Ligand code: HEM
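Only one chain is included here, represented as structure tokens and corresponding to the form predicted on its own.
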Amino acid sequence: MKNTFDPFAPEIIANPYPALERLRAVEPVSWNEPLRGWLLTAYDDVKAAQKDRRFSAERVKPFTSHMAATERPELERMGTLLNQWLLFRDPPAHTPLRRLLIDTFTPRAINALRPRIGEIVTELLSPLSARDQFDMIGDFAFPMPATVIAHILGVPSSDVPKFRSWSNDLATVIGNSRQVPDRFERGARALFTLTDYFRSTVLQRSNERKKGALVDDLISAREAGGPMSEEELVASCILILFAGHETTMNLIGNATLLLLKHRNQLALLRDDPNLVSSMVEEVLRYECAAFVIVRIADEDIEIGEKTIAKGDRVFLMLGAANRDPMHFDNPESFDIRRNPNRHLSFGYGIHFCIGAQLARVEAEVAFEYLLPLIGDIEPVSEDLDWDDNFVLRGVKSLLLRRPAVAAA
């Protein structure tokens, strides 16, 4: 069939779901020429691929090898640093590194952070309540989770503004952005800067023998002979900082957009704030902040009468799987009371998102405080500037205003 999904076309960036629906119905395993890889769009295929060890998470290695062959030392170095990320590692290297991190993100540990998250939310929302117009992304959805993750890691909240530009530049590489022509150079500079930042942080906290933050626990584990090298420790800090706020930022932004677009659902939530947890799950399903998981085939693999060749890239389309009618009733309907809601937005299997509970709690606490604020606001424009980042889905900004200002 003719390829109906160009991930870099403006209309697809704005709304990819109709094209993905057609693919899932007609050709759920399809070759995508713009991406030079395979798309899996059916729920069962996307879920199964995440447990299939023939699909490797080490998708940065081919890039690193290519950069070495083309004599691009700065990009080869970027690839080498990214290869240290837990996100891009397979077992057996993946297993002990994940075990070191997972205790920090248990439901019990995250729920203990609720009071601090509430304080951060209050501090950020307080000045916004008196303003006639503000940017939900820049003024709240970014700094809130970034401040939380800085608190967890043990870095100063005063450094949060720096993280925005570094993360934005790094995201253009991680997400395969095509609207930023120098994305590799910008991403490399951001990664090198973050590496220097966390090397300094590790050295300082190690010398001062500080305790209580995640970076301190990782330092102690390494000094006790644990499996994490200094390079892996630094890489883990960068990954946690990056992944710990980028997806939650988009989750909050996407939730705000959906509630303002579906006023009946916003009314349900305001009438029964206990629905906030269910609302968060439905946002994750309907407009998932992590839109795609990328894998590399380690051998020839047959799925749905198609042969995926060894070395091919495979894009597991979470956004399509989460709207598969074989698993969700009325999947194109945004329903905050949906139950059950077994979406795949946090992944599945050994790479299930470590920070899933943190993202959920942050969004729940955020909307407990946001509900009184967003009931009487509206977007400044219906033309939304969706980021062309293929992996992470969200808007670059979301200007909101009170209707009285619009009528003035």
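All residue numbers are counted from 1 along the displayed sequence. Keep in mind that this is a model prediction, so the values were computed, not measured.
Although not depicted, the form predicted together with the named molecule is the subject of the following passage.
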Residue (of 151, 327, 94, 72) lying close to the named molecule in the predicted complex, criterion heavy atoms within 4.5 Å: 94
Proximity to the named molecule in the predicted complex, single hit among 247, 84, 167, 177 (heavy atom within 4.5 Å): 247
Site check 290, 347 and 354: each within 4.5 Å of the named molecule in the predicted complex by heavy atom: yes
Partner contact for residue 243 in the predicted complex: the named molecule, 4.5 angstroms, heavy atom: yes
Non-hydrogen atom contact residue 105 with the named molecule in the predicted complex at 4.5 angstroms: yes
Residue 59, heavy atom within 4.5 angstroms of the named molecule in the predicted complex: yes
Contact of residue 285 with the named molecule in the predicted complex (heavy atom, 4.5 Å): no
One stretch from 40-48, 26-34, 373-381, 356-364 that, in the predicted complex, holds residues within 4.5 Å of the named molecule by heavy atom: 356-364
